[in-house]
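Structure 1 and structure 2 below are two forms of the same protein chain, each written out on its own as structure tokens.
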Structure 1
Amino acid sequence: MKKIEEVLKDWEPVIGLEVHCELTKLETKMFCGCKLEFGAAPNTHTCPVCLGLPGALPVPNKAAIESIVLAGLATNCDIEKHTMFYRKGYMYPDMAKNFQTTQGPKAFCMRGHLDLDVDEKNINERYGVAELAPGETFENVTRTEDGYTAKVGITRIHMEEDAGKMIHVGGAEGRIEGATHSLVDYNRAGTPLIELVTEPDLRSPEEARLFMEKLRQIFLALNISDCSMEEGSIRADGNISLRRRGTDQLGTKTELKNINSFKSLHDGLLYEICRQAEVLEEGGVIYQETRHWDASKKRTIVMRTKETADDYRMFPDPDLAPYDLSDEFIERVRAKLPELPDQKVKRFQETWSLSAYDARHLVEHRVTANFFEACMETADAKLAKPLANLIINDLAAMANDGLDLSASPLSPARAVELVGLLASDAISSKQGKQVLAAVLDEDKDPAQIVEEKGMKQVSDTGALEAVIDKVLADNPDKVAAYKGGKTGLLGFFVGQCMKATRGQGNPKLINQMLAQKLNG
């Protein structure tokens, strides 16, 4: 298959997402009083309503309605005041009533959008944007100083209930093929679920990934879900089709399922773009089908071909009266909106004069944003930039690898101390990394580590001058070569000086002094 860069020259990917998010922060299920609890013994959180027993009736969970209205307000949606629940019929044992209660043409939240800020490095994945000047717009995209902003439409967010969990026994890896029997756990049945559907406005795997990340940040900020992709409390399906550059007719789409990480979303879409391009370039046809991303084999596999559209026999649920939201209710919910990621980015930029890039990447993860803010409670404003660097370049990756920033030996106070040592040139940036590792390892203050390891950076010009003179005297041939034009040897001299100071010489000063001596 062709590489993505090649494919993107000829083809434009058109991507839309369907995101399901379980409202795990609620106490009870969508239509009954059963407790929401992950991991309880099978079928212990059930009642006549969520088991679909004869005669049971649903009663909507008001807290769930509040959550979806929060989600709608935070994603710039119009809140529909008059909506209805619908029944969506399908026979399968995981849905006890054999219909799912969901919403019809009008959902609680309609016509929203999110703005995605894409970094410069991904700019070529968006056709025609690199050529724009900052501030110029093209389609739904605006060029910025450090990349571009894409406005992604949200069609709707509707409320529905989750199904139970089927466990197939006797087959390989729990698959239904070859299974001798199946078990159903209805603990999850009736879990309040919101489904967000985007417009087909996304054009690259990176945009899709960013959308999911941003949405997750927002839902976490709203505290409506734990948004765990691993546990499936937030899941995304991707709809993707290709069209030739310069044409605007949509191609046949495939639906990508089984995405349980941001990486899977990105890699699955990327694979699917390349696969579709190959099929189309060979004169083949894309079938409308559901494909499954196999992360271990790094490819997508057909799950199901849609020959005819499913007929869900949707109609308004007569057990649930039309749902009316009052202006007072909506305003009460609006008043509960916390600071959202976009607002936080803006505040970080304004309060601490951070660049858009730094602010955005700090806010990208709630833990790093919180850690930064905790640091800035005591730190001098001048330290904001170096702190942002430390967090974005070092700590974010560690946090991704499992470091719990809220409980690690690197307290905000220690981080401030470390950045202070760096900013005052007391230690070099290389030493900084060693100190960081030692803080995490030995649970000591940075200053103490520097003291114990004798790591102080030598910035005494007198002491450094003696070292430099010795290095130059020891390498007359290289000095001659430098003066003959091989200026690249400066790095060699710096290295020798650093070695002579056992790494403690201030490299910035050494650089300056060497240049002076060699050029002077």
Structure 2
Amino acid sequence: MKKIEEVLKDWEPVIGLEVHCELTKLETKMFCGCKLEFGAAPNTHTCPVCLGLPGALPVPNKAAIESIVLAGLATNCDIEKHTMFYRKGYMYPDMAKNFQTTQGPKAFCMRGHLDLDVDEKNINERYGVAELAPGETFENVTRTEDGYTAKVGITRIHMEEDAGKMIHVGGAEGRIEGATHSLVDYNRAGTPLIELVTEPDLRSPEEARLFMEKLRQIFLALNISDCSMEEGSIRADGNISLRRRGTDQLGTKTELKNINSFKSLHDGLLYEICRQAEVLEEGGVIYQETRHWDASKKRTIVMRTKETADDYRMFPDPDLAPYDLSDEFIERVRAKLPELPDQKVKRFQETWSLSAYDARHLVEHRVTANFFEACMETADAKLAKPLANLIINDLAAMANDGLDLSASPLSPARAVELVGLLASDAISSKQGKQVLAAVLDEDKDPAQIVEEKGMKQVSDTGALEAVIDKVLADNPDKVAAYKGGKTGLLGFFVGQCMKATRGQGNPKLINQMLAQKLNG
């Protein structure tokens, strides 16, 4: 298959997402009093309502309605005051009552949007953006100094109930294909679930990944879900089609179902763009179908032909009266809105003069944002930038690899101390990484480690000048070569000076002093 860069010259991807998020912070299910508990013994949290037994009547969970209104307000949606629940035909064993209670064309939350900030390194996935000047706008994107901003419309956020869990035994990787039998657990059936549907405004796998990542940040800030991708609390379906550049007619779309990681969403969409382009260029046909992303084989696999809206046979649920939200209710929910990620980014920029890039990447994860704020409670404002660098470049990667920042030996106070040593040139950047590793390994303060290991950087100009003079005197041929135009030898002289000081010389100061002597 062609690479994505080649495909984008001729084809325009059109991507929309459907993001499903379980409201795991609630105590009970959507329409009954059964307890929400991940990992409970199978079928221990069920009742006549969530099993759909004859005569059982559902009662909506008011806290769940509050949660979806919070989600709508946080994503710039209009809140519909009058809405209702529908029954959607669902003939599959993981929903015992054979229908799913959901919402129809008018949901609680309608017509919202989110703005995505895409970094410079990823702009090539969006065709034509690299040619724009900062401030220039094209379609739904605006070029910025360090990438671009894309405005992505949200069609609606609707409320529904989740299905139970099927476990297929005997097949490969737990899939139904080749299974000898299947087990069903109805504990999850009836779990309050919100589904956010975007407009087809996304044009690259990176934009789709960023959208889901930002949405997860918002839901975590709202404290409506644990958003655990491993446990399936938040997952996405990606709808993707291609059309020839310069045309407006949408192509036939395929759907990538139940994506549960940011990487899988990005890689699955990337593969599907290239696959569809290959099929179309060879004269083939794209069928409307649901596909599975196989991360181990790095390809998509057909699951089933996609259903249409008519297949669901939706109609208003006769057991649930239409829902009316008062202005007072909406405003009471609005008052509960916390500081949202975009607001936190803006505050970090204004309070500590951070760049938009640094502020965004600090706020990407609550743990890094909280750690930075804890550091700045005691740190001088001039340390904000180096602290941001430490967190973004070192600690975030360690956190991704399993480091628990909240319980690690590197407390905010120690991080401030480490950055202070670097800022005062007491240690070099290379030594800083060694000190960081030692803090995590030995659970000691940075200054103590520097003292014990004799790492304090030599910045005494008198002492350094003596070293530099000796290095230059010992290498007259190289000094002559430098003055003859081979300026790259500066690195050799710096290396010799660092060797002479056993790695403790201030490399920045050595560079400056050498340049003055050699060019003087």
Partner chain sequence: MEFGTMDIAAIRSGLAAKEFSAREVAEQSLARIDAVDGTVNAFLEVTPEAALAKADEVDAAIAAGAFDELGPLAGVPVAFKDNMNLAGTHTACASHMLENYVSPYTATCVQRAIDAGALPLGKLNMDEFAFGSTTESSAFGTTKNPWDTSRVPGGSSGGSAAAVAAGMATVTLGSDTGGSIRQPGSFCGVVAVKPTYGVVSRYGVVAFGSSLDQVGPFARSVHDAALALNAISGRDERDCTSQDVTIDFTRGLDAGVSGMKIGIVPEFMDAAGLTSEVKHAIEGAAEKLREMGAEIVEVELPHVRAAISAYYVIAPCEAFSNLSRFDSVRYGFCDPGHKSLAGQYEASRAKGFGPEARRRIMLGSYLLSAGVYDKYYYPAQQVRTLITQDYERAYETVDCILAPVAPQTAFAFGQISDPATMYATDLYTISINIAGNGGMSVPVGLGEDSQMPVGAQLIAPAFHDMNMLRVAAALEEAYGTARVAPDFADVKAGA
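Rigid core: the largest C-alpha set superposing within 1.5 Å between the two forms. Note that the structure is predicted; figures quoted are calculated from it, not measured. For numbering, take structure 1's sequence and count from 1.
> Any idea which of the pair is the form predicted in complex with the partner chain?
Replying inline: Answer is structure 1, the other one does not fit.
>> If the two forms are fitted on the core, does Lys478 show a Cα displacement reaching 2 angstroms between structure 1 and structure 2?
In response: Superposed on the core, Lys478 moves its C-alpha 2 Å or more between structure 1 and structure 2.
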